[in-house]
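What follows is one chain in structure tokens, specifically the form predicted on its own.
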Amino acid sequence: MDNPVTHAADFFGDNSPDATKAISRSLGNRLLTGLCIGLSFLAMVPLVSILCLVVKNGLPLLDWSVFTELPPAAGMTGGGFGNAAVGTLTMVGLGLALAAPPAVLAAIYICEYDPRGRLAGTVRFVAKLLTGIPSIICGVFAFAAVVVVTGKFSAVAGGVALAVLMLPTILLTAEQALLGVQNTYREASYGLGATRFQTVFRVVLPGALPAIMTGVMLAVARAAGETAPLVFTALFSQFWASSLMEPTASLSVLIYNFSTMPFEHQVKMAWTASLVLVLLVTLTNVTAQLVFSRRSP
């Protein structure tokens, strides 16, 4: 393979000052490249360690029965967490349905209709503030807004809490996705006689959809693992939920409850639930990326 250091020395001459500078730059470039690669692998060590630990401890109890049976009582063996898995999917789905439409529409407004207006600046500022609010505060808000009003813990209250967590992430990523669409597409659409509404929803939004879905999946991944908001809103249940207006189990709360028990089987069940939660989030992200990357123009 060609050596850039040798080429620089041959081109400038061995004793040329320019050759010395070229050699120094080449060596510095290689050193920094190696440093970046090494730090990249170092940053992956915690992630790989967590995945290995979850797989090692959660795999022994992983079978189909854990998705069809109810959680075991304290000190008992067997059982599963089918109601918790269904409850997690239900509440995350509710939160996504409540958060995604207003977040995307708000992003469209502040990017396409009033990008420099006072309202757009206020929306951006509030969204950035919401991203830094602790999740337990969102749980307290949903408790006051839904649980206190309805008089009961429920999946709906949990969905509202998760929606508050998802909304700023989806809004900010959708804004960046819309800004990433080249202005030439907008100009071409206007040149063909399309209105702003037609341009936004037929040209800009389809072009930004893959990036928007990335933000949606990031929001889903964050919401699926939240525990504190669901403790305040959905509480927990040992049984299958028959409606959205009653206490509902979730994987994150089950992991918290079982991991603090002094029983070996419950701790192992918590590890298995952690593995299922990781797999659920991973499969959702990968599926969304594969589906929407193919639709990218």
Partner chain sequence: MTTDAAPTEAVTAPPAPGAPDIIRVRDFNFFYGANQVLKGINLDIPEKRVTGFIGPSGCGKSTLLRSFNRMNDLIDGARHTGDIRLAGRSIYSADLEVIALRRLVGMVFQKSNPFAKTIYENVVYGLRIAGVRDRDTLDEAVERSLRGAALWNEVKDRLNDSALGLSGGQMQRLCIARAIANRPKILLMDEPCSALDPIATMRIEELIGELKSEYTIVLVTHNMQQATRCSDFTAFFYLGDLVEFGKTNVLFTNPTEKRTEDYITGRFG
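Note that the structure is predicted; figures quoted are calculated from it, not measured. Numbering follows the first chain given and starts at 1.
Keep in mind that the form predicted together with its partner chain is not shown, yet the notes after this line are about it.
- Although the partner is absent here, residue 76 is not a contact residue: none of its heavy atoms lies within 4.5 angstroms of its partner chain in the model of the complex.
- Put simply, residue 141 is far from its partner chain in the model of the complex: not one heavy atom of it is within 4.5 Å.
- In the model of the complex, its partner chain sits within 4.5 Å of a heavy atom of residue 192.
- The closest non-hydrogen atom of residue 188 lies within 4.5 Å of its partner chain in the model of the complex.
- Between its partner chain and the residues 209, 167, 104, 203, the one pair within 4.5 Å by heavy atoms in the model of the complex involves 203.
- Only one of 150, 227, 198, 176 comes within 4.5 Å of its partner chain in the model of the complex through a heavy atom, and that residue is 198.
- Residues of just one listed stretch (178-186, 209-217, 84-92, 124-132) have heavy atoms within 4.5 Å of its partner chain in the model of the complex: 178-186.
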